[in-house]
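As structure tokens, one chain now follows by itself in the form predicted alone.
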């Protein structure tokens, strides 16, 4: 009999691609998802859809990860678990505090409470690059700076962090050995998910793995969710003839990784013997400025005349630079990003052209401003 994998939150963007990948590898796949409106919508365009968007071979169960009875039912006959169920969004987490802590941390606690009674072979949890805070930097004298903390920027000051001598520092790839610097409620909750998994799994005879994901993109993202990945947010704006809205000066650097490569990483983390007890970065190994990415997407969508709107404002909890060092997952699990960024953008643009999107970015910005979370 094929092994069975439960994916919590598996009806979302990453979960659907991972389901397809695991089916190709011969697994039976079960999904537990509560289908929240912010992600899946209410029948209108621009969202990821519901259970009907999953591959037909997937067994779907509706339920909240905080509901112990629903989780217990979902775990029956399961061999391995991928834990994706989470509220996602740095900005929103800074005011929807109870909701983020409840879903992300209490939900993980409920999952493990049930796993104590029905243990599985391995649990892989989706963590986030946000737990690093600022990434690793090179100082002007050639040293490295690990504990970079951004202070409130005064008008006219540079956006990039400065070293102790007041010299600008250069971002360099961030390895898993960098100590966490938790700058948002979202980052706090993702780190808690990691630690619960890596602490409780071995205590009860299971194997735990945590994947720290960078910025995933690809067809199927929730275009009408203003707290989803930045490429989906930009795409929704461009589709509606509006400029992508970029905070700060647009020169902040990020790693964008195709969702199919993310699915590959999860499959390897589920299967590879070396993964047990480990933490891995998952990215593409390439970094770009946010402004450059907005311009490339506009070109791919045939909207190159629409220039990004650079706000010059900062959101509380945001980081300046964080670049993925993916050497560990390459060496230990054989992970190799396969999707070219230009091809991935063209694919995303073709998919977006067939969608509808409700642009809620301005609404989300007003919410943050009203709460004093934008300066």
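Worth saying up front: this structure is predicted, and the values here are computed from it rather than measured. Positions refer to the first chain, counted from 1.
Here the subject shifts to the form predicted together with a small molecule, a form of this protein not shown in this document.
- Only one of 111, 236, 131, 126 comes within 4.5 Å of the small molecule in the predicted complex through a heavy atom, and that residue is 126.
- Just one of 36, 316, 51, 306 comes within 4.5 Å of the small molecule in the predicted complex, counting any heavy atom, and that one is 36.
- The putative spot formed by 208, 269 and 275 is not touched by the small molecule in the predicted complex; no residue has a non-hydrogen atom within 4.5 angstroms of it.
- Only one of 211 to 219, 285 to 293, 173 to 181, 238 to 246 places residue heavy atoms within 4.5 angstroms of the small molecule in the predicted complex, namely 211 to 219.
- The small molecule in the predicted complex comes within 4.5 Å of no heavy atom belonging to residue 329.
- For the chain shown alone, residue 14 is a contact residue for the small molecule in the predicted complex, at least one non-hydrogen atom being within 4.5 angstroms.
- Mapping the unseen interface onto this chain, residue 29 falls outside it, with no heavy atom inside 4.5 Å of the small molecule in the predicted complex.
- For residue 74, no non-hydrogen atom is located within 4.5 Å of the small molecule in the predicted complex, even though that partner is not displayed.
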